[in-house]
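The form predicted alone is given below as one chain in structure tokens.
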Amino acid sequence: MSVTSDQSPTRQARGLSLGGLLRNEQIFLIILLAVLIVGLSLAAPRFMTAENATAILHQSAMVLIVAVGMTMLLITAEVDISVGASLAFASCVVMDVINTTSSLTLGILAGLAFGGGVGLFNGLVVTRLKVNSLIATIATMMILQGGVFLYTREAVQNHHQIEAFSLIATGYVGPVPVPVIIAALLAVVFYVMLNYTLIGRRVFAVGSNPKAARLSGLSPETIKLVAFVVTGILVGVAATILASLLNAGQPTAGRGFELIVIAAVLLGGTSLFGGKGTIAGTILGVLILKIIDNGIIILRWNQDLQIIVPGVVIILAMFLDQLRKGRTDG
């Protein structure tokens, strides 16, 4: 019996080429991450300290929490631009409810309910009214940005003495910050769900070919609605951490947050056209963006670059996504 290997010299050369790396996003991202770490370590020795590594992970946590939900949503071929505005509004709700009731549990539940409610609203507009998700969630973002100032004209300050509240953002379990543990647990849950469960297969099926999914007995509208709600609930989780970190609800705190989340998810290889994405890629995308942010600060470069970088990443990620889609369609 003869065995024919497909590892011909031509195939091996193609796999080792830059094009091959770009086709395998995770290998490319790991190499990029390693280059960033080595480069910043040489340029600024204090980059490789335990304290700085912890700071990077801490800064990545809130983005990753929302990004895992956004990954699921983008796989269904939808997007939510309102997550930043919802984050800020929900943080005010969390702080206000805790101040009013002196109950940490009710405050957290209120934040989750608010975020989930925004996700439900977006999902219904997209699936029932058939409004494009980009347009629908931009409209929701505008409603929330104005609505939060009707809800509160200024930051909602902390008027309670619940010590556990501050520990949500600043507490540690051993050497690991609590927000990092929360983000890691959610990443594991979503990794397992998307890769090893029936729900995950349905999410990919709807994003890849909604017509075929419908013929198979699935309801694309229901799955997309669930993805919107789940993303909204995760925004509520991040909002609770944000309120704990700031020790207040800040109406303007989420400005630009949505772009960082989307940039990280797209950089991680999730397709804006749906049907493709991984939690591992999203984690790498978040870490790369946050390491770049950290490097900008350590090297004392102009911090406006922190706003520019996600925009550049989105353009490059969309360009590569278009190339992949073109090769697939061809």
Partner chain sequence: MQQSADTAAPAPARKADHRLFRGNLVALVVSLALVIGFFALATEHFWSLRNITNVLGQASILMCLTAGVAIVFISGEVDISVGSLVAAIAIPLIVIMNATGSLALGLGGALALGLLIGVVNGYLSVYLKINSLIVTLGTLFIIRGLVYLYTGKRAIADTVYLESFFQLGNGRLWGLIPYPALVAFALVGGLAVLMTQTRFGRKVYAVGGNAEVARLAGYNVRRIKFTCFVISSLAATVGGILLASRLGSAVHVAGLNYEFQAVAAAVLGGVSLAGGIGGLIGSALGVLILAFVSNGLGMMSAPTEWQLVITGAIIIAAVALDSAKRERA
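Fair warning: this is a prediction, and the values are worked out from it, not measured in the lab. Residue numbers count along the first chain shown, from 1.
What follows is about the form predicted together with the partner chain, which we do not show.
Colleague: Though only this chain appears here, would Leu266 touch the partner chain in the predicted complex if you measure heavy atom gaps against 4.5 Å?
Modeller: Heavy-atom contact with the partner chain at 4.5 Å: present for Leu266.
Colleague: Contact with the partner chain in the predicted complex for Phe121, defined as at least one heavy atom pair within 4.5 Å: yes or no?
Modeller: Yes - in the predicted complex, heavy atoms of Phe121 and the partner chain come within 4.5 Å of each other.
Colleague: Looking in the predicted complex, any heavy atom of Ala44 within 4.5 Å of the partner chain?
Modeller: So Ala44 does not count as contacting the partner chain.
Colleague: Please run the contact check for Ile27 against the partner chain in the predicted complex: heavy atoms, 4.5 angstroms, yes or no?
Modeller: No.
Colleague: Considering Ile162, Leu259, Leu167, Ile181, which brings a non-hydrogen atom within 4.5 Å of the partner chain in the predicted complex?
Modeller: Residue within 4.5 Å of the partner: Leu259.
Colleague: Of Leu134, Val176, Val188, Leu109, which one comes within 4.5 Å of the partner chain in the predicted complex, counting heavy atoms only?
Modeller: Going through each option in turn, the one that passes is Leu134.
Colleague: Based on heavy atom distances of 4.5 Å or less, which listed stretch (280-288, 62-70, 297-305, 33-41) is in contact with the partner chain in the predicted complex?
Modeller: In the other structure, the partner sits against 297-305.
Colleague: Give, in sequence order, every residue of 294-319 that has a heavy atom within 4.5 Å of the partner chain in the predicted complex, or say none if there are no such residues.
Modeller: Heavy-atom contacts within 4.5 Å come from Asn302, Asp304, Leu305, Ile307, Ile308, Pro310, Gly311, Val312, Ile314, Ile315, Met318, Phe319.
Colleague: Given a change of 3 Å or more, say if the Cα atoms of Leu32 and Met318 sit closer or farther in the predicted complex than in this form.
Modeller: So the answer is closer.
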